[in-house]
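We begin with a single chain expressed as C-alpha cells, specifically the form predicted on its own.
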Amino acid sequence: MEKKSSLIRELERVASLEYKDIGSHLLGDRIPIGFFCPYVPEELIHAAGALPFRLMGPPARMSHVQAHLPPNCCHLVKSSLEIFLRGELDFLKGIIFSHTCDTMQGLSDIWAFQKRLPFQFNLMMPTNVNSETSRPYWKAEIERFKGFIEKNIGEVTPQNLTTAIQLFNRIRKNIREIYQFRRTLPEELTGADFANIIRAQYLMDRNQYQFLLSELLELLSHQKKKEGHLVPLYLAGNMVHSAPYFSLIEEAGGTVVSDDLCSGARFLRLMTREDIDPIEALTQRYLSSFLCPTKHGGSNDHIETLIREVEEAGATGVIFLFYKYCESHYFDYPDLKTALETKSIPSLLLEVDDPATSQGQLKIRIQAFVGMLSPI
C-alpha cells in the first residue's frame, strides 16, 4: 500500500533527523522546549503554544563531555550534554528537568551553568508517590510549573489545557491500537517502523503527529489477521525506542509485542481524566501509574506491573535493555528476574554503553535467546 508506505516514511524521516537539522526541517510555528522524562506534563507545554521536544540520547562521538562528567554516567546523560556543548541544541528556547536519578540532577546543574538557553526549570516530582503529602505537593509543583510556563512562553487557559489533554489522550489511544496491531500482525509493520512511529511523536507538532497516526491506523485497520511465526517478546528497560534494536530482535526471529521502555507503553498505562479540573487531572495521572523505578509506589509495584503486562501481551520471554550505570533500574532487576523465574518466564539482560558500537555485541546473544524460545 503506497499511502501506508509514505506515512511510515514520513515518520521515519522525522525520527531519523539529527538535532542539528531539526530547526530548519521540523519546528514550524511552535517554539521548542526540551525535556527528558515522561514525568514532565507535556500537555502544559503544548497548551502554552510551544512544542514539547524530548531529548532521547542519540549516538554521539564524545569529545566535549569528558571535562564535565565522570565515565560512569549513562549514555542519555553523556550524549545529551555532548550535543548541547557542541551547540546542536541551540534551537531550543528552554529545557525542563525532572527530579529522577542523581545523575540527571547533576546534569541539570551543569546545564544551567552553561547559560546557553533562555530558561530552565527543575520539576520536583515526589519520590514516594504514596506519601500523604505527595499529592498536594505534586499538585502545587504542577501549578508552579504552569506559572513558570506562562511567564516564559504564554498563557495556559483552562480551555487550552483541556484541549491539550484531549489531544494527548487521543495520541495515547491510537498508539495503544498500534501496539495491538503489532501483536496480531507483526510482519505487516516492522519493528523498525514501529520504533520510528513511537520516536517521531516526541519530535514533532502533536497535532500533525495525531493526523499522521490516524491516517496510518485507518490503513492498518483493513489488514487481515494472519498467523504469526515470530517469537513474542516483552522489552523492558531505561532506553527509548530505537529502530536498530527492534531490527536485531526481528532478524533473530522475535517480535516485541509490548514493552516497558521509557518512551513507550509506560506512558500509555493511564489516560488523563477529561471530566475534572485539568490540573487535578494531571496530578492524578502522574501519581497513579508506575512509570519509573526512581519512584516508590510500593515494594511490589514494579513486579506486579511487569508480570501482568507480560502475561496480557502473551510474551514468552523478556529482554531487559539497560543503559549501563543506571542504578535505579539495576536495583530493581534482581527482584524482577526472580519474579519472572517463579512464573517460568525466561529473561535476558542486555547492557548498552554506546548504542553506536554495541549492536554487534548484542546480536549473538539475542539470537541465542530467541532460538531457545522458538518452537521446535
Partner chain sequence: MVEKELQNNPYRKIDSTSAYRRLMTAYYFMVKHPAWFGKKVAWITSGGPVEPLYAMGVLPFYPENYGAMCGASRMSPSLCEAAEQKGYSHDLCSYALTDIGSFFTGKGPIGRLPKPDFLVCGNNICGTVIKWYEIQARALRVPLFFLDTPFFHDELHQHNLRYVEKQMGEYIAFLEDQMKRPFLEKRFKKVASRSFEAISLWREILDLSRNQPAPFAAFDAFIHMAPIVTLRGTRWAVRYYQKLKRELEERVKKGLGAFAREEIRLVWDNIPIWYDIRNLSKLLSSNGAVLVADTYTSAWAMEEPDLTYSLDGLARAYATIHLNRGLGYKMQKIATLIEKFGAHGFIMHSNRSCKPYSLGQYDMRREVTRLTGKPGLIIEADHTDSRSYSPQQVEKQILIFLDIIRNKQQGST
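Bear in mind that the values here come from a model prediction, so they are computed numbers and not experimental data. Numbering follows the first chain given and starts at 1.
Not on display, but discussed next: the form predicted in complex with its partner chain.
- Taking non-hydrogen atoms only, E141 approaches its partner chain to within 4.5 angstroms in the model of the complex.
- For D332, a non-hydrogen atom is located within 4.5 Å of its partner chain in the model of the complex, even though that partner is not displayed.
- In the model of the complex, its partner chain sits within 4.5 Å of a heavy atom of N128.
- Heavy atoms of P293 reach within 4.5 Å of its partner chain in the model of the complex, making it an interface residue.
- Stretch 107 to 115 is the contacting one of 107 to 115, 270 to 278, 155 to 163, 251 to 259, since its residues have non-hydrogen atoms within 4.5 Å of its partner chain in the model of the complex.
- Taking a 4.5 Å heavy atom cutoff to its partner chain in the model of the complex, the contact residue among L230, I178, L185, M124 is M124.
- Between the options F320, Y39, F35, Y325, the residue in contact with its partner chain in the model of the complex by a heavy atom within 4.5 angstroms is Y325.
- In the model of the complex, its partner chain lies within 4.5 angstroms of at least one heavy atom of each of the following residues of 129 to 147: S131, E132, T133, S134, P136, Y137, A140, E141, R144, in sequence order.
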